[in-house]
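Shown here is one chain on its own, the form predicted alone, set out as structure tokens.
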Amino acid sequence: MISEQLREQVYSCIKCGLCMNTCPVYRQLYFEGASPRGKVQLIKKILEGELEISAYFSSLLHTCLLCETCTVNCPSGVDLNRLMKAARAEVVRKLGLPLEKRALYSLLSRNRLLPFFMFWGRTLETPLRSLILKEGRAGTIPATRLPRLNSRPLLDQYPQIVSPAGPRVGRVLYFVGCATNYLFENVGRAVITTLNSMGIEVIIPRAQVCCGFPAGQAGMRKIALRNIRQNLELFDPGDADAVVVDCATCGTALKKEYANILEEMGENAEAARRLGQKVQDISEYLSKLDPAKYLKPVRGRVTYHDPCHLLRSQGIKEPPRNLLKSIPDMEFVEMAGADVCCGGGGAFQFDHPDVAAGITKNKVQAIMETGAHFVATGCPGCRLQIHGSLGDESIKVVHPVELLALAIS
């Protein structure tokens, strides 16, 4: 059930409409049910017993990127993001989810089944790609623009402890995340190489699992709970300086969502709060190490896109920019609307491809106008969405730490 604290928040909405002005989804669809204000009023009516949870209500509730733009712009302080997620959990409790989504989120919670499927995915990837029509798409992303699976999971490429060659000046735990583990091994290698080069020992717990955020965001909190419990057991910070994360979504899960979900399910959230205090995005952690003294010149122009889960969920804006600006000979150019959602939103771009495409088109235009050679962002979902929509191979979509690693090598 939606907690009493969140129930009270629906009465704080003054219907001012400021959330509508900034909501990227509303600005594509322009009807009340697609706006944050409209959704809050529907939730209020359901809580008061005037409306019932229905398939149509569920579709409206999921017509949302959960980008938190409405939350940070609400003058009444309504935590719309948390309210939407709690309402989704109620929808799932009453109506369930489509079979394909239940299967996907269940797969992410199975620490043996997911590696099994990924193994066969790598084995059959080349013949399967040859069968996909060139015009085939995954949501808004052309099939030809999808990344290849890692040759091996990143967790299998390194020992549990990776020590620097020189004196050790610090120690971190590294939460790898599914995207880096199975798709973006270059990001993981860049994280480890950069940390080691700066004298940081990296500990990589081998039994770590998906952060659980995708299942929790969809309302499948019981499935997310399995992953939360396992990761909380593994990531006891102890004498580590920090738990570093290279994925904005995973970072938000570990920093905030674990405690929120446990509290709302009536469980003890103390361990989650302790973990949240030690979690740092890799850009946040590296920016404190004076990276400039380790870097060699890399010539080029770079712009930066703010992931919603990094900027609004975690309040991290300057650290990734400062890292990029610290690279000698690298020109940093701020794009227009850098803080506007790219339109990916996890499953959103699969469920609402037309709306997502409209939002992404504006982002791509802003990137093009900078004349950048690189567009950097700390979210794998954003990288997928932007790379899949750019259509310009001369612009590389990277994680900021990849450029740092390039400047160190």
Partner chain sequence: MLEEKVFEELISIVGAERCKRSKEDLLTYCYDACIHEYLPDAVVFPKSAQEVAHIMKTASAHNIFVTPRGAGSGLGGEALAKYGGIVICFSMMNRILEINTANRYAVVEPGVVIADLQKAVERAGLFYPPDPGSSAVATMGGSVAMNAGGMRGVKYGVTKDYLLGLEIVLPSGEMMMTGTVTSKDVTGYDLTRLICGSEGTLALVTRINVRLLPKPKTKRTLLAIYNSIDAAGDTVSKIIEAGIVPATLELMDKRLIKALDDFTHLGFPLDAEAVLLMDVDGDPETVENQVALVADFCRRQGAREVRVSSSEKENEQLWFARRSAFGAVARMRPTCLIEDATVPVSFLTATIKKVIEICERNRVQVAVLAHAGDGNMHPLMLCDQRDEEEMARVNKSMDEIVDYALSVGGTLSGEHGIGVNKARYLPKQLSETSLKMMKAIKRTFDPQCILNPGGFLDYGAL
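Residue numbers count along the first chain shown, from 1. As the structure is a prediction and not an experimental result, all values here were calculated from the model.
The protein also exists as the form predicted in complex with the partner chain; that form is not presented, and the subsequent description refers to it.
Trainee: With heavy atoms only and a cut-off of 4.5 Å, decide whether residue 18 touches the partner chain in the predicted complex.
Mentor: Within the cut-off, so yes.
Trainee: Using a 4.5 Å heavy atom cut-off, state whether residue 62 contacts the partner chain in the predicted complex.
Mentor: Result no; residue 62 lies far from the partner chain in the predicted complex.
Trainee: So, in the predicted complex, is residue 41 in contact with the partner chain at a 4.5 angstroms heavy atom limit?
Mentor: Yes.
Trainee: Report whether the minimum heavy atom distance between residue 373 and the partner chain in the predicted complex is within 4.5 Å.
Mentor: Residue 373: no, not in contact with the partner chain in the predicted complex.
Trainee: Using a 4.5 Å heavy atom cut-off, which of 43-51, 375-383, 362-370, 349-357 contacts the partner chain in the predicted complex?
Mentor: Contact criterion met by 43-51 only.
Trainee: Identify which of 160, 151, 76, 277 has a heavy atom within 4.5 Å of the partner chain in the predicted complex; exactly one of them does.
Mentor: Partner contact (heavy atom, 4.5 Å) among the options: 76.
Trainee: Select from 13-35 the residues with a non-hydrogen atom within 4.5 Å of the partner chain in the predicted complex and write them out in sequence order.
Mentor: Read in sequence order, the residues that approach the partner chain (within 4.5 Å, in the predicted complex) are 14, 15, 16, 17, 18, 20, 21, 26, 27, 29, 30, 31, 32, 33.
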